[in-house]
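First, one chain by itself in structure tokens, the form predicted on its own.
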């Protein structure tokens, strides 16, 4: 009673009603056992899959922030360079590739997606972080968003400066990515990109600046932010992804060829016909304005469509979306519009969609929904 008396007296003085167990005092240990404090809650288990890029790059000296060699630092050293990660999650690393992201091919997209799909099926994995070069991270993010069926967080992370630079951004980006990958409130939001304190939707975000850490933007705004190890959310994605997607990487072993032809003044038909001769099953026309097609190219695109090539009108403009049957009579020509997807994301969706259908009406439905 001498142990519990102060507790009882304090409770009575404060007018507090204590549960019976509190009045009894600590539960005594059994003979041969040591009394222990309640176990702390387990940390989330996160796998970091490394593919190379600037975040794994190294410059000649600390003043080189834009001149460096990408894909030099292996995943174990990336993790070791950010000791604070151990406080956030139980982390292990896997080296998938060690390349600059401009060298990614369809084969590597598929290999990476299959690896991630296998990881998120494991009970001992709560989230996945993928380190990646910034040049094509938006394409990889969108591809994974479409084909990996899970509600577990998948977080892309990159950096604009190598780890050797004075103001390297990779370490904090990586810590933030692990924080998001282990957060319950990041589940079921699709593939994310965490850079520059922001949490971007993998579907929406695009690289608009090539020499500053604030390189990635979405015209619809970020989903949230990471500040001092805490996630803050402001909107949620509404397009289909993850568990609601009709696509599944487990059944995809190759992707059809899709070409992008960039719109400008004084164009020629050869880029379109050459792309088709090279095996393209669809062409993304990155048109001016509202996906405009020059009058002198209309017959070329109509002819290619008559031969089974899908024509998808996107826009080279950074923001906005392409309106169907505006500028061109898409219904009449049996063309598709990319909606708000930029040309490189339209290419990813078209390639994935073509694994299921070559029907233009079905393809248009997919562009509306994803």
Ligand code: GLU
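Owing to the predicted nature of the structure, the values given are computational and were not obtained by experimental measurement. Residue numbers count along the first chain shown, from 1.
Only in words, not in the display: the form predicted in complex with the ligand, which the text now covers.
Residues of just one listed stretch (261-269, 133-141, 287-295, 82-90) have heavy atoms within 4.5 Å of the ligand in the predicted complex: 133-141. Contact annotation: of the candidates 152, 149, 207, 240, the single residue with a non-hydrogen atom within 4.5 angstroms of the ligand in the predicted complex is 207.
Checking 124, 102, 299, 253 against the ligand in the predicted complex, a heavy atom within 4.5 Å turns up for just one residue: 102. The ligand in the predicted complex is not approached by residue 311, whose heavy atoms all lie more than 4.5 angstroms from it.
Among heavy atoms of residue 159, some come within 4.5 Å of the ligand in the predicted complex. Residue contact check for residue 70: one or more of its heavy atoms lie within 4.5 Å of the ligand in the predicted complex.
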